[in-house]
Structures are given as structure tokens and as C-alpha cells.
Ligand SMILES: Cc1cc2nc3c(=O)[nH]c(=O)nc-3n(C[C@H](O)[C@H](O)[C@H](O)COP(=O)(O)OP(=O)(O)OC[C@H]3O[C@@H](n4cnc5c(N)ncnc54)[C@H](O)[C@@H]3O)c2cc1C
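Presented as C-alpha cells, the chain that follows is alone, the form predicted alone.
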Amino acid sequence: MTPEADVTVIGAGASGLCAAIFAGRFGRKVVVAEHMPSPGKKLLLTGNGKCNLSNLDLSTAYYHGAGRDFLSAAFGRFDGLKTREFFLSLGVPFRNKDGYLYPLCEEAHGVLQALLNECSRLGVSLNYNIGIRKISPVSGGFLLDTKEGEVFSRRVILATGGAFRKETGSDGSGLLYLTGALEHPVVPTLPALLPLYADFPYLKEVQGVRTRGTITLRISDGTEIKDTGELQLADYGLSGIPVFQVSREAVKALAEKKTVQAELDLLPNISEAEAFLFYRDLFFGREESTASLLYGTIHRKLIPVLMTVAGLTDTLPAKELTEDGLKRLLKAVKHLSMPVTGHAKPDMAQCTAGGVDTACVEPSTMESRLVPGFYFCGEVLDVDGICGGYNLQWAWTSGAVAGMSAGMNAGMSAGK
């Protein structure tokens, strides 16, 4: 690494590369230090490799952690439109899929290469396998103690990612720098957007099922959260986008020793009363089994389980199904309940909840309110979004704001 820089970005993930580009556009000498052997490891995994870059609906309601005022101020500096303009300038137009925005090439590799191309054009120095022992505020900036020697930088941007995807470099190590003169409050980190374990005796019978439904989590403190979409059933419990969307609250509740109950509605588009009338008319006077007549509305692998839960036999003729039996069947279909007992391994989490407390960060610049000249961006901050491009959008927004601010002010004195 060069022994002196205007701006040093620690981390070559999505937010770090974005920050380096925007700092570099001010003509600054920008250095990126990455402890992995290559950049953008986590970026390459996003959207199953297709890279869901953003979303047309960027309401702050889809984010957790930071308050609405903080998020609004940050997005006020760099919103979804500016994100699309930025990537278009890199040769990456967007493809709109029901509001989910992907690169036209639909490859994360294309996005990463475009970012690296711009870094190269701007003369950004990319350095890999860099181990940083300590960061110390000094007169005019910061001294970085690395295994390769000391580096002075007028501004530092911490973009080290979350805490739970070690294979991508997001291992929480960036938070270890925040001691001593760099002390910052940190909200405890928890894995988010991941599958949940559940206790249900028929999971093996229904594993592999994918079906549209609504999952509602009911937590013992009275909290209730729900989401609708394609549910995936596995031998360990529940997965799929709707499960990921509510998993944050389940993980937090379980960590606090609260009980969590999951309830599945396997007919989310109609009410229970409407379903009762539909099935009553369908079953009336029919010789066929009740189970066989459910095939048009319920996934076939779920039917015997639902019949069992309702206390009904698979061979029960539809005409013999009583009103009470139909109500029990609908309870199983619309309110299939199971306790949540845990969650998948943290290294399966798509993002991290918790991180640097945003109360100590200025949202319009991403600069620390405690240490002048020190900036944060990306997942290292206590900001996490739902699935749908929201976490990458936060990477672009916070990276751009931090990069612009650090690049603009790199000629001024910083630190102690």
C-alpha cells in the first residue's frame, strides 16, 4: 500500500467500492484496503448471482435499525434515481422486474466489473490481503498500522460489512477497530434474512413444498409481524422470502428468550368465510374423497398433513364431511401453527442486524460525530433492509454519501 492517501476505504465490498469511486471523482488519492484476496465477494452472491441492485419503492419503512429521519437524510443526498444514473454512467442500465431492479446483464459479475473499471479509470489503488492492526487518529488524519507497514490517510471510511458471512469477508472484524480513541457505541449484531427452525411433526412429509402463503409471527410480548409470498417448507422448518422478511424479529425475540409462534395461511387470497362457502359448495353431495377435491387449491403434499391435523381421514367422502369437520379443515389450512425453535446458522444470513449506532453518525455525510474525518458506510452501520434490493441500495446510498463527503473534505485537517 502507498504510505500516504487522501482517503482510505477499508473494505472492497459494494459500499466500499462505491465510496472509493465518489471520493476519487474529486481527484483525491484514494486507497482501498481489503483483507480478502479479491473484491466484492458478497456482492457476487446477491440475487442468486443476478444482483438485485435496488427497488422502485424505497420507503424508509422497509428498513430497520436507524430511525426514519436518519434514513431520509441519507436518501435525500443519494436516492434511487441517482443510483440508476450512477450505474448508467458505468455502462450498467437497469432491468425492472415488478419494481425489483436488476442489471440488464442480470449478472453480479457485470456489476462488480463496472465498479472496478471505474476505480481503475480514477486511479483508485486497490489492495488485497491487507491486515490492519490498528487505526489511530493523529494530527491531520489517521495512522493505519498494517502488516505491510504504516499508512497515513487524511480521511478513513470504514466499509467492512456485517458480521455473519465470513467466507465473503463480512466477519464483524471492522467493529474491533472501534475502541480507544475510535470508541463508538455498537448495537449488538444478530443475523437477519435467514430460514427459521420450527417444531412440527410432519415437516419431513412436506419438505420441498413451495406454495404461496402468508406467515404470521406471534411473539410472547404481543408483537405480530407477517408477510406473504412463496413459502418453502423444509425438514428443519420454514424458508422462502416471506420467512426471511420476518426472521429478524424472530431471531431477536429468541435471543431475548421470548417464545415465537409461526402461523401459516395457505389460502392467503381469500377469507376464511369465503373459503368455507367455496368448499361447502364443492363438497356437497360428492362421492369423491375430500382429499382428492382439495387438489385444485392446495399443494398435493400438504393435503394428507392438513387432513390429519384436522382429525380427518384421507378417504373421507366429501358428502360426509360435516360442518364442524370443514371448520377444522379450514383452521388447518388458514391457521397452520407451529412454534419457532431457532434459526439457520448465522453464515446463512443475507445481512446483519445491528452495528455502529447511527446516533453517532451524521446522515448527510456519514461522518462520525465523535471522530472528525472518520466515516462509515454499508452494513457496518445499524441499518438493515428487507429482501428486494434494499440492502444493496443502502450500500450505494451510504457509500456515495461517505465517498462524496470524504473526497470533498480530504484537503482539510482531520482527526486530533
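All residue numbers refer to positions in the sequence shown, first residue = 1. As the structure is a computational prediction, the values presented were derived from the model and not from experiment.
Form predicted in complex with the ligand: not shown, discussed below.
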Margin query: I need the one stretch from 355 to 363, 368 to 376, 65 to 73, 383 to 391 whose residues put non-hydrogen atoms within 4.5 angstroms of the ligand in the model of the complex.
Written below: 383 to 391
Item checked: Full three-residue contact with the ligand in the model of the complex, heavy atom 4.5 Å, for Pro195, Gln232 and Pro242 -> no
Note to self: Test of understanding: in the model of the complex, would Thr160 fall inside 4.5 Å of the ligand by heavy atoms?
What the structure shows: yes
Check: Looking at the partner-bound form in the model of the complex, is Ile21 within 4.5 Å of the ligand by any heavy atom?
Finding: no
Next item on the list: Although the ligand is absent from this view, report whether Leu56 comes within 4.5 Å of it in the model of the complex, heavy atoms only.
Entry: no
Margin query: I'd like to check something about Gly11: if you look in the model of the complex, is any of its heavy atoms closer than or equal to 4.5 Å to a heavy atom of the ligand?
Written below: yes
Checklist line | Candidate from Ser136, Ser173, Thr223, Gln261 lying within 4.5 Å of the ligand in the model of the complex - any heavy atom | finding: Ser173
Notebook entry, point to check: Which of Gly169, Gly237, Gly80, Pro103 has a heavy atom within 4.5 Å of the ligand in the model of the complex?
Noted result: Gly169
